[in-house]
Every structure is written in C-alpha cells, then in structure tokens.
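Quick setup: one chain, the form predicted alone, written in structure tokens, and binding and motion questions come after.
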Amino acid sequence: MKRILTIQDISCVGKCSLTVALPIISALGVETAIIPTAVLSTHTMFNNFTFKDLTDQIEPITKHWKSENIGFDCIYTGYLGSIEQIDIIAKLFDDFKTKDNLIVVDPAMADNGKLYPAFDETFAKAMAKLCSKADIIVPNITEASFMVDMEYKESYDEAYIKEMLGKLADLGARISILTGVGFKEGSTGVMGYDREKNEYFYYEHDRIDVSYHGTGDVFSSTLVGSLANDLSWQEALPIAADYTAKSIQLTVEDPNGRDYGVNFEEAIPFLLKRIGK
C-alpha cells in the first residue's frame, strides 16, 4: 500500500483541508499520513472560530519520522498559513524527497482575483518558491497570476492560459495544472502542461453555477489519490474534475445540504466506480 503525506490545517467542523483530504485519499486505498499545520474549531466561513497554530510541532514530528526511517510515496500540501510554514515545508521537501516519490503543491491562497485576507504579495512569492520544489502544482488562475506576475482576467482565451502555464512551468515543476479554466459559456475545466514533453491537456464539463467552500481541496485530494493508484496525470484530471462536480451537484440537490461544504462523502461510490475499485 502506498503512503501519502498531506500537510494542511484541520477544521473540526467544515469540509476542507484535512477533513477532506484524509477521507478521500483513504477511500482510494492509500495510507494517509498527516501534518496538521493548525487546528480550527470550524473553517473560516464561520464567525468567531477558534485557531491554534501548530507551526512549532512540524519539525519535531518530521525529526521523529526521520529517526524511524518513515518515507512517503507522495507529499501533498494545501493551505499553509505563513511564510514561516512555507520555509519549514521547503526543508521537509528536501529531507523526504526521493528519486521515486512525488511532491504536489496546491498553493491555496487566493480566488476570484484576490488573495485571501491573511496573505500579501510577499506570501505569494514565497509560495512560488515552494512550487519550484514540486513535481506537480495545482493553482487556480488567481493564484497563478500572483505567482507569475500576470494580470488576472475573468475573460480570456487559450493563448492567455497557455502563457500562464508556461510561466508556471518556468518556476520548476514538471506538471503545471490550472483549475477553473473555461473557454465557453456554461463550461469549466482544467488545463495542464507537461514541461518535459511540451504537451497540453484540457478537460471540461458543464459548469454548476454555485460556490461552496473546499471544492479545490476535493479536487486536489482526488488528483493525488488517483496518481497514487498509478494513473497518469491526464487520466487523473477528468476523475478529479468529475468527482468534484458530482459532489457539488449532490449538494445542490440535497434539501438538507449544508452551505459550508459539499457532499463529497455521498459521492464516494461514484469516485470508486470511476477509478475502477
């Protein structure tokens, strides 16, 4: 059985970050190790949430792992709360990288043309440096625009997306994947670029015109879990996109659906069928 390490915060209530990554990757038949970077009572869509920073625990945890010769087939990062955490995780990459394992970075820090309130452009540049150590990066268009100094556009053509993917590739990752890419009305999708092969791949599906917290985490976790099942990134992208869309659709159709996350649990049978389990 393969083992993935995922590094991000955990919200005790709310479907995002580790509370999404751990069950999805486990459901795909992959051992899931975690480093929680912070503990929140709920995710940040709620008011008056509690927050406990765990930055000071990361290095002691990894030191113990090194002493036990624990390794990972993939290291996957999501939301990181500070430049200090980015610096620590960059060292973790150096310590645990092998010639065979994968490093996947989801630079969760922005959306809809704006950085999240806790972050600034200095943080975005630090995240770009972390992406340089990855094999695969999975930003949305907003995150990419901050990392490569391109103007954010809501209306764009294929040339704009390919230029952005090229600049992302220049950061150093072999595979750059942009989420939330749509070239026609009513559709959305993902586009990736393999720097070594100079190959693009695009997959689209019908756009569901609603917004829920944590869907990016659902997508990235499914992508990583699919890769650990020996699928290529081109095979994994449609599965991750369709599973995310299915989770959204089930939430829309659920009269008791909660507005703080999607019904990804209900969609797990769909995911397992798609991946052939």
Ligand code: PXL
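Everything numeric here is computed off the predicted structure, so don't read it as measured data. We number the residues from 1 along the sequence you see.
Not on display, but discussed next: the form predicted together with the named molecule.
For the named molecule in the predicted bound form, the listed stretch (21-29, 265-273, 5-13, 249-257) containing residues with heavy atoms inside 4.5 Å is 5-13.
The shortest heavy atom separation between T44 and the named molecule in the predicted bound form is within 4.5 Å. Residue contact check for Y152: none of its heavy atoms lie within 4.5 Å of the named molecule in the predicted bound form. Shown alone here, Y116 lies within 4.5 Å of the named molecule in the predicted bound form, counting heavy atoms only. Contact check for G214: a heavy atom falls within 4.5 Å of the named molecule in the predicted bound form.
A single residue from the set I35, L40, A241, A228 has any heavy atom within 4.5 angstroms of the named molecule in the predicted bound form; that residue is L40. Y79 is the sole member of F123, Y79, F72, Y193 with a non-hydrogen atom within 4.5 Å of the named molecule in the predicted bound form. Residues of 137-156 that come within 4.5 Å of the named molecule in the predicted bound form, judged by any heavy atom, do not exist; none qualify.
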